[in-house]
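Below sits a lone chain in structure tokens, taken as the form predicted alone.
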């Protein structure tokens, strides 16, 4: 736009300046033609002083002229360019080169009546354009400065407008980026009018996505709840039948049925737990939770299960470990980790739970099992992912997923590692 402004103003200035020079040349030409008369059968002209004085400029432009009578030069510069045909009382303007200089020429003619017939007198007046060039150069410099100023101003305004809009967009981006994976609440921060449709579409999309996810979680929870009750009934009947069957093949079939029922029941239970965790992580019920008390309660309730497998379950603490969090979710995560340790620990071994308070609160569950496969360790916290060396252990692949999601929702990290002396260690750090 600055370049267009320069070109347009330069063109207009050239046109106006040229028109001014043409007006002066035309006045000089007219003053000369007005003095043309026929005396004693000859054409004479009396140059007025004003005809050339009006052409004087600060640049001392040179002036040329030529006077013709019916095509015969009476006075002036013979080689000065002039039109071949001129009509009386008609003015002709042209730009040409003369003596190596650019000149502006004004030409005109006048019809004189003599006793021997009409005679045509034509006059051409020319002037160099040094003053015009200086004027145009001065105008060009001023317009160039104006264009540069206009460019700087418009660029500054454009950058300000762009930065203002982009800063709002960056704030919106950061606001959405900071959200947790389950936070699909509408964006309520004020944004510029231009970004309103974008934010509206984003909110509608998140609303539809939240509704779809909620329906899926509700369906899983309802399905898991409805499946567990009949499974428990079927298991009790299968165990009762197993006590009365003596044939080996029938007993093996019933034992396989009981195992399948246990796997289905556990999967349904963990699906229900996972659905509950997913829902509660969006709306954490924050309170002061003593993790040591939670662990003591879990150890007390899960000790009978450990004793049935000849596993010693113990808790080692350094005093209270208070954390601001959701007690139900934290209990669920710790219960899944302890249950996993009891499931994979061999008989007549120890499962130890340790708490520590260094830079924060950490809880470690250690067992004497086979440990984690190093190639699978980074994927074990995924949904329905189980290690290849689980053997005939019943599981659904959701225990570590639940622990991971609960830990992340509380701003912590879960670390899996193998113990140097053998066994696995899962650590939750807050």
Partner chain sequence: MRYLVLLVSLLLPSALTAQEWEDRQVFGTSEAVSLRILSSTDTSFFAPIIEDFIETAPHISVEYLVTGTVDLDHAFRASPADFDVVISSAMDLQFKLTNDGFAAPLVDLDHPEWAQWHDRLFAFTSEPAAIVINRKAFGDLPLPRSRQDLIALMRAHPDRFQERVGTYDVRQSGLGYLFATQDARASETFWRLMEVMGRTGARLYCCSGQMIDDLRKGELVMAYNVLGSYAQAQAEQSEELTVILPSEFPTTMMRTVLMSKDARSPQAAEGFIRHLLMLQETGDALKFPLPPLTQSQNDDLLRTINLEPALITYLDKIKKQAFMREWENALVQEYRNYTP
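Residue numbers count along the first chain shown, from 1. Please read all numbers here as calculations on a predicted model, not as lab measurements.
The form predicted in complex with the partner chain is left out here; the points below concern that form.
Checking 400, 365, 33, 55 against the partner chain in the predicted bound form, a heavy atom within 4.5 Å turns up for just one residue: 55. This chain is displayed alone, yet in the predicted bound form one of 27, 370, 380, 45 has a heavy atom within 4.5 Å of the partner chain; that residue is 45. Screening 401 to 409, 55 to 63, 357 to 365, 371 to 379 for residues having heavy atoms within 4.5 Å of the partner chain in the predicted bound form returns a single hit, 55 to 63. In the predicted bound form, residue 76 approaches the partner chain with a heavy atom inside 4.5 Å. By the criterion of a heavy atom within 4.5 Å, residue 130 is counted among the residues contacting the partner chain in the predicted bound form.
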